[in-house]
Ligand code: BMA
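This document opens with one chain alone, in structure tokens, the form predicted alone.
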């Protein structure tokens, strides 16, 4: 199985708008009122990340807005370096958007703490998973931090499972799964996926787009990183009623950095997804290329499901 890039890639690039002049990447995606909505991360001239909004009827030609749609609160200590990597799910009539609130610890106080290795900045990052909700993608209600721990790649499942919210996240280097009835108190946390030594996801693994419900199970486009710090995308299949059971993990990546816009940017050799939608019997996977631009790649629904157990 392989994702096929759109010929028009990259579909979104930085603009002259000051808040997205450096990068536009890692979009969450959802179908809203018959259109594909991308809530994408943008980096401006001040180096901070905000969220922009773009809409499309066909899935690849997008109308974008001149101003950001959501940004950090200036008085919020956890967001002083911006908001990053939104992931969107719809549960009943509400859209739940998880994102990373970015800041750093006081360097002296926390100098002995262990942090995930970073290619560019071995800084004492403080990354808290946060939540906002919306019903119209115009106004957003802040729910605050939902896990008081340094973790990234956070996404909810698009429905409750056995009466509980299910949440994927990554405490380096593992992908975790945990459950809650109120989005505040979490139970039954466990490691769902480990890095695999000698494979394309040997250094770290994390959720990508939110899980997609299929007749075979929860389909998850996830990312893995190898020891050379190359980001690729792969496929997981989880049991519908018990997502702690991994039914399938693809042995090979389905997308890896090949094109110039995936190999050269703010972070080289990266394809990284936060959102995928089903449209016209295809899965459109939207991804950040080299932390700089947004690309899209597709695969037929029947093609991918026929290759799953």
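Source: prediction; values computed, not measured. Residue numbers count along the first chain shown, from 1.
Keep in mind that the form predicted in complex with ligand BMA is not shown, yet the notes after this line are about it.
When contacts are judged by a 4.5 Å heavy atom cut-off, residue 249 does not count as touching ligand BMA in the model of the complex. Although the partner is absent here, residue 85 is a contact residue: one of its heavy atoms lies within 4.5 angstroms of ligand BMA in the model of the complex.
Ligand BMA in the model of the complex comes within 4.5 Å of no heavy atom belonging to residue 40.
When contacts are judged by a 4.5 Å heavy atom cut-off, residue 272 counts as touching ligand BMA in the model of the complex. The stretch from 52 to 60, 254 to 262, 236 to 244, 24 to 32 that comes within 4.5 Å of ligand BMA in the model of the complex, counting heavy atoms only, is 24 to 32. Taken together, the three residues 231, 267 and 291 all come within 4.5 Å of ligand BMA in the model of the complex, as judged by their closest heavy atom. Contact residues in stretch 137 to 155 (any heavy atom within 4.5 Å of ligand BMA, taken in the model of the complex) are limited to 152.
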